[in-house]
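First, one chain by itself: the form predicted on its own, in C-alpha cells.
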C-alpha cells in the first residue's frame, strides 16, 4: 500500500468540513461513552495497571512465549507459519490457498492483513477476497484503507454509505434507512460465506499456555469466517501472545471498554484447533501466520519495546486532537493516530514516516487513556531525536530505528549549534543580544532557516535594549 505524505494529506483533510463533522460527532460520542464505563477511577487505575503488567511481562518473555505457543498449537493440530516480512507472509497465504485450490475467500477484520496488503496480493493471483466486517466491507467497496483501527468506516456518514451501496451493490436502491442498509450488506455477505473456500481472521490475543487464539467482535461475521469454510487461516503480529489463559479477561475488559464502551463484545471466540470428530462446525484445517515485519527490531530496544504493548483499542485516536481533525487517511501506512505515530515510523522507516512523531502537540491525552500505559509522548520525543540523529550513529544494529537520521538537515543542525555556542560563550551572547536589539527589525518575515516555524508564527519582535542594558540603566545590582 503506497504511503501517504502526512503533511500533504493533512491540508485537504482540514479543509473538508464534512469529514471534520463526521469525526467530531463520532469522537464526542466515543469519548463520553468511554468515560461512563470507566467512571470508577479506582477500578480503572487498578485494571489498567494489571493490563500494563500483563503486556509488559509478556514482552519480557516474548521469544519463549512464542516458542511455547507454536508447540502447543502444533500439538492441537494447528499449522504454524513464521513470516519475517510482508512479502513472506503473502507468499505463505498464496501457498496455502493454492494447495487447497481456494479461489474465494471471506476475511474477518484484521489490521495485520491490512499491514500486509493481503487483499491486493491475493486479488493479483485471481483470488476473490470479500471483507466480512461491515465497516471493512464498506471501505472495500470504496477502495479505501481503514480510517480507524476499530471503526474503519467512521469517516463516512449514512448518506455517503447509502450512495456507495446504491452504486456498488447490484439492484440496490438508494435509502438512508440504517436497518435496510445493514440488511443489504448481510444478504450479500451471507451468500459469500456459503460460497467461500477459505476464511481468514485476525487474532486479538494468543495464549501460549493452551494454544488458544482469541477473537472479539460484535457482528458475528468473524465467527462465520472461522467456522463455515473448510480452511481457516489466522494471522497475527508476533506481539499478541500472553502467557496464561487467566490473563485474557483483564485484557479483554480493557479492550472492549476502551474501544466501544462495552463491558464485553457480543462474540468472544476462543479457537484451539481445527474441527474434531463429533463437532458440527469449524474448519477441517487451521493455519496461523505469525508476522514480524520489523517488530523484532522494535522489541530489541528496551524503551521502544513499549510500542508492542498495544492491544489495538483505538482509545488514543478517539482522544487525539490531531487525529480527530485530519482523520485516518492522512497517515502513511494503516495505523493512524498516536499509535500510528510511534509504530509506523518504526515499521516503514523514518525516511518514509519520519515526520509523524512531529504531528503531535504532546498534550498527553493519549497517555492518559491508554489502557496498558504506553508512554506514547515519551516515545514520540525519542523518535523525534531518532529522525535527526547523526548519520554516523544511525547504523543497522539491533534495536536501531529503521532509517534513523534520514530527517537530519545540515542547515538546521548548524543553526542549533550556533544557538548553543552563543549561550555557552558570554562574550558571544552579549554581542548577539546587542546586534538583535539594534538590527533585529531588519530580519525578513520569513526566515529561510526557520521557514517551517515561521509559516505559522510571526517574526519575533526584539526589544530595543538588552536586559543587561536595562539593568544598568535602572542601577540594578548584580548581587
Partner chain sequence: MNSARNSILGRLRTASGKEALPAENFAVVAPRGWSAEQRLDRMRRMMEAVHTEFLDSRGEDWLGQLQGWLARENIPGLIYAPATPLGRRLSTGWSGSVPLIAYDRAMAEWKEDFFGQAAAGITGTRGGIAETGSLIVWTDADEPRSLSLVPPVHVAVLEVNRLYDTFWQAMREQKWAAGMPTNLLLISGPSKTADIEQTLAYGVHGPKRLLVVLVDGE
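Positions refer to the first chain, counted from 1. Note that the structure is a prediction, hence the values are computed from the model and not measured.
Another form exists, predicted together with its partner chain; not displayed. Remarks below refer to it.
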- Item | Contact segment among 63-71, 408-416, 423-431, 436-444, judged by heavy atoms lying within 4.5 Å of its partner chain in the model of the complex | 63-71
- None of 265, 378, 166, 324 but one has a heavy atom within 4.5 Å of its partner chain in the model of the complex; the exception is 265
- Message: Can you pick out, from 75, 368, 123, 179, the residue that has a heavy atom within 4.5 Å of its partner chain in the model of the complex?
- Response: 179
- Message: Check residue 347 for me: does it contact its partner chain in the model of the complex (non-hydrogen atoms, 4.5 angstroms)?
- Response: no
- Query: Can you check whether residue 140 is within 4.5 Å of its partner chain in the model of the complex, heavy atom basis?
  - Reply: no
- Task: Indicate whether its partner chain has at least one heavy atom within 4.5 Å of a heavy atom of residue 226 in the model of the complex.
- Result: yes
- Message: Since only the chain is shown here, I'm wondering whether residue 156 would be in contact with its partner chain in the model of the complex (any heavy atom pair within 4.5 Å).
- Response: yes
- Note that its partner chain is not shown here; using its position in the model of the complex, name the residues of 82-106 with a heavy atom within 4.5 Å of it, in sequence order. 82, 83, 84, 88, 92
